[in-house]
Structure formats: C-alpha cells, structure tokens
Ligand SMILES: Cc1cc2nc3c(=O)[nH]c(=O)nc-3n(C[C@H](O)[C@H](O)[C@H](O)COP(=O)(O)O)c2cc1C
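Coming up is one lone chain in structure tokens, specifically the form predicted alone.
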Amino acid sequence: MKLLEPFPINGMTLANRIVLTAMVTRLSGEDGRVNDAIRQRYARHAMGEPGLIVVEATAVHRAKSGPLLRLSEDRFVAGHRALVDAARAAGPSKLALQIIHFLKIARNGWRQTVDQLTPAEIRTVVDDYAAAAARCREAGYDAVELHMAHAYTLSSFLSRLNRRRDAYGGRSLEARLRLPSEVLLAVRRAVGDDFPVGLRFDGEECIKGGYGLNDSRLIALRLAQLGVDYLSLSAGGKFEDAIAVEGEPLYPYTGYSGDRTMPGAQYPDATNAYLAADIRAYLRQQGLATPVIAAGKIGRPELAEGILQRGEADLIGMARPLLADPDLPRKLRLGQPERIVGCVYGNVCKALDERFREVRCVLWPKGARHAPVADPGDRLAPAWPSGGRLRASVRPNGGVALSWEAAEDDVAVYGYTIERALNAGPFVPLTSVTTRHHVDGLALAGNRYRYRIRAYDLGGRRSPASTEAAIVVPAEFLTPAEAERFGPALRIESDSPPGSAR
C-alpha cells in the first residue's frame, strides 16, 4: 500500500505518507505557552503513527490574539521542546511546527490590511519568521512549515485583492510574491540547508476576484525554485466573504471560502484534491520534484491510496479524520482498516473553533478532552443483547427516522455506524453517531432503503450487524395518473405498508 510507504524529505524520512495537517486546538491559554493539554493532544496523535504531525499554527510575533501558541521569544522554546519530547515518547511520527503571522483585527469589524503596513513593518515580518524558524529547530522539531494560506498576512500578500501599489503590491504576481519569497529565503538562511522547510498555501482563494489555479501554479513554481522542501495545498478561508457577527471579530471560515477550507458532509470526497493534482503535474512538467500534499476531505484510506497511485499527490493531508480517530495510520499498518472510526464531516470541531472553545470531535465520548485510548485488555467486540432491533419510519416532512436498542461491551460502547442500501444497491456506510437515533435527511421519496447498525468499542472493534430495517418512502406528491406513469421509475410500489419498517 503506497499510503504506508516511507517518504524522504530533505534528510527526514516519514514512516508513511499520512500527514496530520495543522489544526487549531484552542487548548492554549492567552499566554501562548505549551501546556499539559497541548502536550497530551499531540502525544495522543503520535500514538496513532502518522508519518508527519504538523503542530498547530504558532505566532511568530507579539500581537494580541486569543488562545494561540507562540514562538515569538526565546522564553517559549522550552515548552515546545517538552511538546516534542512528549510526542516522540508516544510514537514514531516526525514533527513540524507551522508558524504564522497575522494582522490586527477588532471586535467592531475593523481589520488591518496589507496596504496599511509600512516598509519597516514588512521587514519585521521577514525577521520574525526567520527568528521563529530558528527557535523551531532549537526546540527539536524535525521541520518547520510556513503558513501562507487562508486569511493571514502572507496569503493576503499573495492575493489578487492585495491593494498595495509598491514593490509588494497586487499589480503583478511578481510583486505579490515578493514578501513570501523573502520570508522563505530568510527562513532557509536561519535554519540551514539540512533542515526541512515546508509551506502551506491556497491553491484557490475561493472568493470573488481571488486567484485560482492559473496563479497558484506559478506561485508553486516560484516557491519550488527557491528550494521549499514540500508544498501543502489548501483552499479558501478568507476574510472577504466571512459572515460578520456584531461585537465579534471576523472569523475567516464562516463563508463559502471557509467551507472550502474544511469541506463538510455536503461536499464530495477529496473536494480540493484537484488543486494538488494540477500543481504537482505542472511542477513535474517544469522538471521540479517538490513533494505535494493533497488535503480536503480525504478520510478514507482507499480514497487516499487512489490519489497516490494516480500520481496526483505525494502525501495525503488529514486533519479531521485524525481528530476523529488518531489511530487511523496504526490500524492500517496492523491490517485493521475495519476498525477505523470514520470522520462524519459534521464540522462540530469547526464550530467550536469559531467560538474559541476547545476543539473536540463529536464522536468522542461525552466530556472527553482527547480521543479515547483502547483498553489493551478489551479484546471482545460489542454485541446486541437481543439481536439489535432497528426501527425506521418516514418523517412527515421528509427523511427517515432511525432508532435502535443499546449494544453491550465488556468495557464500553464508543458509538454506532449506520449502513444504508438504496434500492438494489449494496450496503455502504452512511454516518457514525454516539447516540441511538439518527435521521437520514437525504432519503428520497419513491425509493426503497435498507438500514443496519454496527456498534463499535474504543478500539474500533465492531459488532455483527443489527437486524435490517427496510422502508419504502412514498411519493405522495404524485397524482394517481402520475403514479401510474412514473411509478416504476420512482419505485413507489411497496412490499410493506408505506412508512413502516420490517
């Protein structure tokens, strides 16, 4: 399996091609220091064995912000060293630190923009990145990643909406690239040629007037020519389409561009993978072998494997899937893919981040601060005490309501996976929940659905399937004449009374 193959990056060899992309935790305090909760979060991720863990965005400067890690002064180095030590003791993953610079923003809606920075302030951005990168190496990280994506300073210089009119301005791509290029070169001088320097940027801004692939191909070309060791592709996350809430600072992931950064259940799998595929192909045409990371709703191993096999990316970025199940890489290595607890992309984690609350997964046990760890003595899968009776009924305004009895386990039942079959098709996973009820809001009238449930424990061991519930959703919007004409196509015939399950 290509996904599990080792991968070298400038002297650093990853055990596999799975990358935990940087993901805000909101576990730090206002002081910006690494604390016990943050060490525990990354140690938990390391237990799961991703090839590379990119630790969350860490500020290179002293500007005020909410709970955010910092590396703007030497006094923060010891805390980061402790984080690295804790993660290394827990697993084999390599660790990179993502470093970020952001502009000022106020609760009254005002925000600083790049055209307001003086030449001296721009010089400080370069110096701050270089100094933070040097501290990153001193703290023991295996690599540093420069944040040039989303709503933040360097991404805003890259943007087509950059309103500056000087050598750093938006009138040419060369000018827009000047500051990111200076930062990359300064960081390289600070850490040396033998220390991996990665970079994350938007393959597409996903806003009106923003750049797309025609620009991002050339952005990638410049960065690769300057010697960046890998490129991680994201999308969107801009202030320009953020939804304003009175009395709150703008949050750049509330508009469509924010959806594209963290595509939810309504978006197709691998939503943004085309960006990595296009940019990687363009770099190869130019004779450049810079590794490219694809990300954006790539949660299923077989999906990730297909992207690698087709040469659309070199590495696979996963954030929310590894929040839902940090042990995903280890389970794959052990040949246990059926035990993976799949992300449902409900974006509760995103909503928590938006409200500056600790980021957790909706699938974790209630009250858990981190993903659960399986009890090594628990070797039994959950079981149904009386066969696992499942009930299904049609809701008056559409959809199918499901409910089922509780499963039992010798340690704990973690959650339930719902499987669904449409008409004569096969059963496929629909979603996972920690409750004993769910509404399938995508069930369409005129079709026959079959459902079944499997319970899983903290180690991902699954029970046998519950009893099946089959239900035909009646097409009540059809007149008798239309039903006569279209009934077979819409499958309104039923072998059980409409709205019932058997």
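Just so we're clear, the structure is a prediction, and the values are computed from it rather than from any experiment. Residue indices: 1-based, along the sequence shown.
In what follows, reference is made to the form predicted together with this ligand, a form of this protein that is not presented.
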Q) Among the candidate residues Asp353, Asp314, Asp215, Asp241, which is the single one with a non-hydrogen atom no more than 4.5 Å from this ligand in the model of the complex? A) Asp353
Q: May I ask you to choose, among Val144, Met318, Leu154, Leu328, the residue with a heavy atom within 4.5 Å of this ligand in the model of the complex?
A: Met318
Q.
Against this ligand in the model of the complex, would Thr290 count as a contact residue? Criterion: heavy atoms within 4.5 Å.
A. no
Q) Going by a heavy atom distance of 4.5 Å, is Asn16 a contact of this ligand in the model of the complex? A) no
Q) Wondering, does Ala132 line up within 4.5 Å of this ligand in the model of the complex on heavy atoms? A) no
(Q) Test of understanding: in the model of the complex, would His101 fall inside 4.5 Å of this ligand by heavy atoms? (A) no
Q. Picking from 365-373, 259-267, 302-310, 179-187, which part of the chain touches this ligand in the model of the complex when contact means heavy atoms within 4.5 Å?
A. 259-267
Q) Using a 4.5 Å cut-off on heavy atoms, what residues in 7-26 are near this ligand in the model of the complex? A) Thr21, Ala22, Met23, Val24
